[in-house]
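Presented below, as structure tokens, is a lone chain in the form predicted on its own.
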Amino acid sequence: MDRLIIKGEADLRGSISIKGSKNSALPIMVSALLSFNTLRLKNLPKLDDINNMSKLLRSYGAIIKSRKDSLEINCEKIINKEAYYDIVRKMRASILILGPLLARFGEAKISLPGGCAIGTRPIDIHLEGLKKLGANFVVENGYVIGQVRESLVGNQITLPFPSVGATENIMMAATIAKGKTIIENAAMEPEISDLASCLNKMGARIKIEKNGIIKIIGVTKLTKANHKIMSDRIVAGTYVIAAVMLNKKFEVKEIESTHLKALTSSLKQMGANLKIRKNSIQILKSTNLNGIKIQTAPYPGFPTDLQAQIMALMSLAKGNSQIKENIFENRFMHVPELNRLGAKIKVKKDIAYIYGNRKLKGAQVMASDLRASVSLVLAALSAEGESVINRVYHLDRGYEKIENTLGKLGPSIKREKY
């Protein structure tokens, strides 16, 4: 197992270019299951989750070829319709294969994603939506088993919550279902638009409307296509927050800055000095940072995936801050570890109260999940002294080896086995 050794009061200089989005790449890779033709993807990030998705698709018989600047996926000859626990347990995004398999083959058997029960991270929204298209499910022995009598048929589906994963799963299934599907109260995250764009290049007929409605007219087959994955707005936001915390002049490039409007608005409200352009954000030195109140919400609201990172920043700001988590329960697992680094944060139900103006000090801490991991990295970079972050395999799921990316721009970040 790996850990990171981080020296605090770090320097940060220059700029960083943001690679492709993990949250966009995973469903787009899965969408190749819908087609008999090759899907060629560019701008894929080098992450554990991408490698695990490749393994999962290969276990189905997909032929995947790595080129210098792209990945080619061909799912013409699928030999398996069952996703085993050993692969699925490594990432929750594997549930996204359910819709494409049901649409193409009329059957699927998928192990429940590791540690996920029906109703907690709402897989039930996926299942209810796919039922509306004609699928039937049973859950037994830790597996979801789905069957379709003849073929999926389009329908009107209203989601009880704008779940990103459920929207993606239903949208992919409806792409080759018979007739028209309308998804109401759909997720409107940029990653949804990126998936729709890729599917449309493959020959799908998908239209996303601004009012949370997605309209899909089913097609009989998809063609070969090329697609470039959008930049990762969460990684971009993380590095913007890092520069604000370290109070360094820095630039985050090759992004779509409008995707980060909720974050940049919050940072400006705190007093951060930002120069925002269409494809970059320049962070300049700030004189004062003040506490604020925010709450997470579906896009275009404040992203739950940046909640842990801005919490670390709030610990340094003057005055107190407050975060209400509206997306996931149990999303404050980083709080005890930030407190070990000198933060003062208290949690009551779904609200975290952050007491500002803290002087962080290096400590041994343990990562509990992906975004929690990187919040500890940001806090450690800002702290006095040295910190050790254990169990960083969580971090590697969503951030390219941080010691080789951010670590080359001033901070001292070393990886070692333990």
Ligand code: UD1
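Quick note: we count residues from 1 along the sequence shown, nothing fancier. Quantities reported herein were computed from a predicted structural model and do not represent experimental measurements.
Beyond what is shown, the protein has a form predicted in complex with the named molecule; the following relates to that form.
Comparing 148-156, 195-203, 123-131, 285-293 against the named molecule in the model of the complex, the single stretch with non-hydrogen atoms within 4.5 angstroms of it is 123-131. In the model of the complex, the named molecule stays beyond 4.5 Å of every heavy atom belonging to residue 352. Using a 4.5 angstroms limit between non-hydrogen atoms, residue 163 touches the named molecule in the model of the complex. Of the heavy atoms in residue 188, none are within 4.5 Å of the named molecule in the model of the complex. The named molecule in the model of the complex comes within 4.5 Å of a heavy atom belonging to residue 328. Between the options 320, 257, 339, 304, the residue in contact with the named molecule in the model of the complex by a heavy atom within 4.5 angstroms is 304. Note on contacts: among 81, 228, 92, 215, the single residue with a heavy atom within 4.5 Å of the named molecule in the model of the complex is 92.
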